[in-house]
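The form predicted alone is given below as one chain in structure tokens.
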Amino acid sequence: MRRVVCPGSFDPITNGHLDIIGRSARLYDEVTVAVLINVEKSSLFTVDERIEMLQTVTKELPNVKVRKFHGLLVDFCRNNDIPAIVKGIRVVSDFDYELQMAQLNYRLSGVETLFMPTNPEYSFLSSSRVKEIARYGGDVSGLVPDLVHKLLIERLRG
């Protein structure tokens, strides 16, 4: 069985995230979406809320499962028999950062990192930008799944 992990905070999940997850699901037998528990970072949605959103928006992808983790991603991979990490790359600055992480992860554990260029339609998209636009009343529909849009608006304006 060919397994990969798509890690992230997914606060909130965007259509760019879904694109990478969906493309990974077509290439691999099993894709684990690993939601980072980062107690040092203030999140808009709880880890459990993000997991529930991810499970809902990926339900059409039977080979995708969603789990949470904290600590080192390579430990999560080792504990779950996952030999590779898939990372979406939007721009050169993403590559600069992710390449260093990939090399470090490989040095620590032998876990490979595969870079997937983002669909150009989503190259500008990030969770932090989506939250900022939504906070100021901008329209983020089309940037996030409909369920996430609804929950995002409720959280920010509710």
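Position 1 is the first residue in the sequence shown; the rest follow in order. Predicted model, so just to flag it, every value in this text is computed and none were measured.
Although it is not shown, the form predicted together with a small molecule is what the next lines describe.
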Checked 113, 58, 118, 43 for heavy atoms within 4.5 Å of the small molecule in the predicted complex; positive is 118
Would residue 20 count as a contact of the small molecule in the predicted complex, using a 4.5 angstroms cut-off between non-hydrogen atoms?
yes
- Flag residue 32 as yes or no: does it have a non-hydrogen atom within 4.5 angstroms of any non-hydrogen atom of the small molecule in the predicted complex? no
* Any non-hydrogen atom of residue 105 within 4.5 angstroms of the small molecule in the predicted complex -> no
